[in-house]
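Quick setup: one chain, the form predicted on its own, written in structure tokens, and binding and motion questions come after.
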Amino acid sequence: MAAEVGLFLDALALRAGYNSALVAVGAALLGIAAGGSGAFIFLRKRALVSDAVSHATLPGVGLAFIAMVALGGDGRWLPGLLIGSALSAAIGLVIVEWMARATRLSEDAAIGAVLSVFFGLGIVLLTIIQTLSSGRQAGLESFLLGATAGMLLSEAYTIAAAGLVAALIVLAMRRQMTLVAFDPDYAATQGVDIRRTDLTMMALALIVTVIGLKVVGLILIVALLIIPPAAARFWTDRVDRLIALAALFGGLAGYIGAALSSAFAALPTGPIIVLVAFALFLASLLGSPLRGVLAAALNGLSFRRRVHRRQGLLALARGEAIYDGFTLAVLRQAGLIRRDGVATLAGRAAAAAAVRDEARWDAAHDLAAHNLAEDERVLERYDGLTPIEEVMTADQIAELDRRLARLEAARPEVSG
């Protein structure tokens, strides 16, 4: 194991050999392109369309092989296979779009039909190819799950060039794609061509799918399109940052996955890249301070403690007995009560402050109801727990106290 860890560290530092470095860089470039391009597909909620595009590439691979063999080649010229897969995927994409637009079928039904039929046709073509006496059929099945061991420099250049094209499309169309992803109806009122924008998003998926066939295969490429943006969504609410983080996560998944595959020879590159992407997703799901599970749990616990502290202080101020064990624990930990439940000096001061705070908020709402409050919007921020000093300024509180004093003085005395 120590030897494999050393090899892994060497692969990360690009010191594990020319081919390992080439695969790592190529996989990282693919991950960057996939993550950045997949961000809009993820936001548009069209992950299944990218799945249909990826599966629709298989018939093109088979037909391109047969065509090249018929022309006297060995059938495994990579540019030819990629061209065939791109044409096949484009046809599948057009069919999905047409069926969803011109028939009564829903988009998911059209996707299911195209995905299953094209993939089934591809498997039939691969089976027929295995029976041919001409051409070199071995290795075509690698397009299903990817195979990077024999990556050439020209293939890395192809991935880089296609990734650059995808990046330029994202930069040029990000405003339109953002509008369509969040609110297609509003985008239409702004003059955005919805159909063309959707096709552009799918074209990004097509580009990434075609260049990813060599690295992760058509079955797994959809994971690189969707998992990095899904992980990035836990960290930000801004589209630009989401695109950047998705590209970063995709690049890390490709780079680390390729390094792991290089160090541990028995691990296939494509599936490992996807598993690394999932590990990044899982870390984001658990650890993101914005939407992570742990952050949500901590925020929930903090909110519960604030509620029990507030209610406990009000109970102390009213002289009521406190029976809830959690409330007692919160007050004890804050030094507001002794172990026997009697309030400390700090506890009595905090209880008096809580009562005064409640009275101020009640008065502020009464004043707002009579249109006497200067800024009613401030009241909308009150959650029943936040001290008034954190919401209103000192001048506002002083003015509130003066008005309360005047109102109190104006009330008629009640005789016994």
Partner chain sequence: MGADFVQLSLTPIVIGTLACIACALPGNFLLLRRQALIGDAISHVVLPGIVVAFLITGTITAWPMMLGAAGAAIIAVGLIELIRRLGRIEPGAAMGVVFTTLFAAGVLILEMTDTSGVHLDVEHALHGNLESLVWFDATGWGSLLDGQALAGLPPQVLRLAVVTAAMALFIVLLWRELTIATFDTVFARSMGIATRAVGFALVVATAVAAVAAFDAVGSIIVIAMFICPPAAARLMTNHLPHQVLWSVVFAVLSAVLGYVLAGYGPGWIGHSHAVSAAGMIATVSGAILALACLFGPERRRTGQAAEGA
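In this text the structure is predicted, and so the values were computed from the model without any measurement. Positions refer to the first chain, counted from 1.
One more form of this protein should be noted, the form predicted together with the partner chain, which is absent from this view; the next part is about it.
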Exercise. In the predicted bound form, do V117, G120 and R291 all reach within 4.5 Å of the partner chain through at least one heavy atom apiece?
Worked result: yes
Seminar exercise, completed: If we test each of L245, L280, I111, L331 for a heavy atom within 4.5 Å of the partner chain in the predicted bound form, the one that passes is I111
Problem set entry | Heavy atom within 4.5 Å of the partner chain in the predicted bound form - residue from M173, A90, A317, L285 | L285
For this session: Indicate whether the partner chain has at least one heavy atom within 4.5 Å of a heavy atom of L220 in the predicted bound form.
Result: yes
For this session: State yes or no: in the predicted bound form, is some non-hydrogen atom of R104 no more than 4.5 angstroms from a non-hydrogen atom of the partner chain?
Result: yes
Exercise. Does the partner chain get within 4.5 angstroms of any non-hydrogen atom of T127 in the predicted bound form?
Worked result: yes
Exercise. Is H365 a contact residue for the partner chain in the predicted bound form, using a 4.5 Å heavy atom cut-off?
Worked result: no
Exercise. Counting only heavy atoms and a 4.5 Å cutoff, which of 385 to 393, 350 to 358, 51 to 59, 25 to 33 contacts the partner chain in the predicted bound form?
Worked result: 51 to 59
Exercise. Even though the chain is shown alone, can you say which residues of 247 to 278 have a heavy atom within 4.5 Å of the partner chain in the predicted bound form?
Worked result: A266, L267, P268, P271, I272, V274, L275, F278
